[in-house]
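In structure tokens, one chain follows: the form predicted alone.
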């Protein structure tokens, strides 16, 4: 039987309920005695990971990093795009101005020893989780020395690339850094069609990718769909320069984000295209639709949706 996208969604809710019931009736001693299995989120050759702000009920901070790792293991996810907020201390504290917090952050990045990042990497390694990319925002005002330090941090964390939300002008500024640190720079799109500097269309992606062979596209499926782009045609044409997709659902014409299968993004088709062509890109789950379920439960629902698409 062939399931459509909405049938997939209904099946996911049933699967989540079954997991919850099994956890309820299992003996508590079983959890105390058995070590959690190492996660493995490679499904029929497709690597699936997470942009973990999807754990909407877990504040993003270095203090919660151990909980983040526990949740990734609980959901069985072995790849993550790690935002700097899970690694760096919080500098924006009560009574601290934005300018002072920014300067503290800059100095921290410039002076933190390699051993710190290596210890963070070990936390994820020990849990069986690969840090695929390191997400840090840059602006035209970010000094070159700080950018260099962030790229080195990404390398020490074991990331294959450094990614952030910025436009063409900042991307041009980043050209020297990926080759120096032997990682790639990820270009991430949004749906802002009114800003000629923004990555939002195939044309703007092509301009960015032409800047350096060490630049790769992170195709945000939700934003590209909302901007009325054709994700399938983009991947067919540019797959050799795509490192990952941010996989989520959204309506066209700058519409709202939706649960998987209820929007216009071709999620199932994208996953099967990656599988059938054996492309090495990673599918990073990312969603912004509202839900009253816990982050762990919602992540499990969207992950199960993807697993059924690849079955």
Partner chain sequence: MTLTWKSAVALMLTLSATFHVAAAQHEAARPAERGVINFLTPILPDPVLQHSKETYVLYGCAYCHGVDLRVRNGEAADLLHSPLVRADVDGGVISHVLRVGIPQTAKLSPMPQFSDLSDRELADIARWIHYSKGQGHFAELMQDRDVVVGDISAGKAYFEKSCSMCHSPASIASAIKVVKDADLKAFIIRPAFLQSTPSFDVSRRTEKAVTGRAKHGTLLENYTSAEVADLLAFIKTIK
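None of the values given here were measured: they were computed from a predicted structure. Numbering follows the first chain given and starts at 1.
If you look for the form predicted together with the partner chain, you will not find it shown, but the lines that follow are about it.
Among 239-247, 62-70, 273-281, 37-45, which stretch has residues with heavy atoms no more than 4.5 Å from the partner chain in the predicted bound form? Flagged stretch: 62-70.
For the three residues 118, 173 and 211, which mark the spot I'm curious about, does each lie within 4.5 Å of the partner chain in the predicted bound form through at least one heavy atom? No, the candidate spot makes no contact with the partner chain.
Examine residue 269 and determine whether its closest non-hydrogen atom to the partner chain in the predicted bound form is within 4.5 angstroms. No - in the predicted bound form, heavy atoms of residue 269 and the partner chain never come within 4.5 Å of each other.
4.5 angstroms heavy atom contact with the partner chain in the predicted bound form for residue 137: Yes, residue 137 lies within 4.5 Å of the partner chain in the predicted bound form.
Should residue 93 be classed as touching the partner chain in the predicted bound form when contacts are defined as heavy atoms within 4.5 Å? Yes, residue 93 is a contact residue.
Contact label in the predicted bound form: residue 203 to the partner chain, heavy atom within 4.5 Å: Result no; residue 203 lies far from the partner chain in the predicted bound form.
Which residues within 230-262 place at least one heavy atom within 4.5 Å of the partner chain in the predicted bound form? 250, 251, 252, 253, 254, 255, 256 sit within 4.5 Å of the partner.
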